[in-house]
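The chain below stands alone and is given as structure tokens, in the form predicted on its own.
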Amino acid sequence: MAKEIKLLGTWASPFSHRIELALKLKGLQFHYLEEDLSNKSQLLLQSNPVHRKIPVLIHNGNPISESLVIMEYIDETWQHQNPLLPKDPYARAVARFWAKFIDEKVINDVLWTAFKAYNDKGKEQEDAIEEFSQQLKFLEGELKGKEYFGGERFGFVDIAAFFILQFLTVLQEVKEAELMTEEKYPVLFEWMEKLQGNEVVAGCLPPREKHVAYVRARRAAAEEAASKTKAA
């Protein structure tokens, strides 16, 4: 089965890294295909015609899209190899809730408001920072007193959260601002440092300097495009 697994992703995407780590934790061999999002492959467009984005897992010729959906598929398909979700139905529901919270609130709301916090002024900036802080406080509170989000075992929510928060630290470095600090979120930072020290997890992270340079270049290109639009 392992030889029939393909992962379409990009080296800088936290969503791709989620799937890479899930596969590695299961001990699965897979074929990774790097996508150029400025010139998407026919395989990607055929495999995910609705959203036309990565990551996509192809198993036995069947494509699965959306990182959280893919992670559940991996866990259900290879149930007896390092389970990512707990067996207890309630604990599984809780894990799904927090994973969804991360995608709907931390990604959609927090990262967006983080950008606004860097760029806006006055009350808009204050509101953005407050929204940002509130969502991270929820995560901090859920993790407090526990080794991992699921308790003593590294699992589904840890994978969902780690690469997003890691990407946030890259954004902070590029923007030269500190919204997520160890002083404000000591529990999250201790957890992140622990995961960074895990060989398998660290092996899924892109090189820090390369990642920062990439995001900085993307930011510069976006700002240049915006200024040209205004000038026109």
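Don't overthink the numbering: it's just position in the shown sequence, from 1. Computed from a predicted model, the values in this text were never measured in an experiment.
The following text describes the form predicted in complex with a further copy of the same chain, which does not appear among the structures shown.
The candidate spot formed by F132, G151 and E182 lies out of contact with a further copy of the same chain in the model of the complex, as no residue has a heavy atom within 4.5 Å of it. Checking N62, N39, Q46, Q29 against a further copy of the same chain in the model of the complex, a heavy atom within 4.5 Å turns up for just one residue: N62.
Only one of 160-168, 63-71, 29-37, 192-200 lies within 4.5 Å of a further copy of the same chain in the model of the complex by heavy atoms, and it is 63-71. Interface membership of K146, defined by any non-hydrogen atom within 4.5 Å of a further copy of the same chain in the model of the complex, is ruled out. Mapping the unseen interface onto this chain, P89 counts among the residues with a heavy atom inside 4.5 Å of a further copy of the same chain in the model of the complex. Interface membership of Q81, defined by any non-hydrogen atom within 4.5 Å of a further copy of the same chain in the model of the complex, is ruled out. Contacts of stretch 75-101 with a further copy of the same chain in the model of the complex, defined by any heavy atom lying within 4.5 Å, are made by E76, T77, P89, Y90, R92, A93, R96, F97, W98, K100, F101, listed in sequence order.
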